[in-house]
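Before any questions on how it binds or moves, here is one chain, the form predicted on its own, in structure tokens.
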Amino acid sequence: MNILNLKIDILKLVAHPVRIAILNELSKGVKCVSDLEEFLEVRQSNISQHLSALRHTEIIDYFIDGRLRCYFLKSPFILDLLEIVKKDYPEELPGPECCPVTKKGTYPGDRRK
């Protein structure tokens, strides 16, 4: 699998509010399922399913400490992705002044939807 397809698969996988929240917490450091249960309003079994999916694509991994599985981020791509998700874009990009090919026409601005 090439790197672009891998990133596309990662984007598809993390496009879920619970997974984004889990990854955001893991970006702060190692967490076990009970740590994640404290701030997510999701059952432990559901959290474990999300963690399993993230681990399957090697975005995260874990180590065992006694009876606990301690999860951590493995993919540096996720840190960049989380920064983009947090970023606020107050304005849209400006529309083009004309068609770049014909050099005619103008962008009318707001359109009705």
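The numbering used is simple: start at 1 and walk along the sequence shown. Computed from a predicted model, the values in this text were never measured in an experiment.
As for the form predicted together with another copy of the chain, it is not shown, yet the points below apply to it.
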So, Ser45 and another copy of the chain: in the predicted bound form, are they within 4.5 Å at any heavy atom pair? no
Taking heavy atoms and a 4.5 Å cut-off, does Leu23 contact another copy of the chain in the predicted bound form? no
Is Met1 near another copy of the chain? Define near as a heavy atom within 4.5 Å, in the predicted bound form. no
Is Ser52 close enough to another copy of the chain in the predicted bound form to count, meaning some heavy atom within 4.5 Å? no
Where, within 29-67, is there a heavy atom within 4.5 Å of another copy of the chain in the predicted bound form? Residue list please. Val30, Cys32, Ser34, Asp35, Glu38, Asp61, Tyr62, Phe63, Ile64, Asp65, Gly66
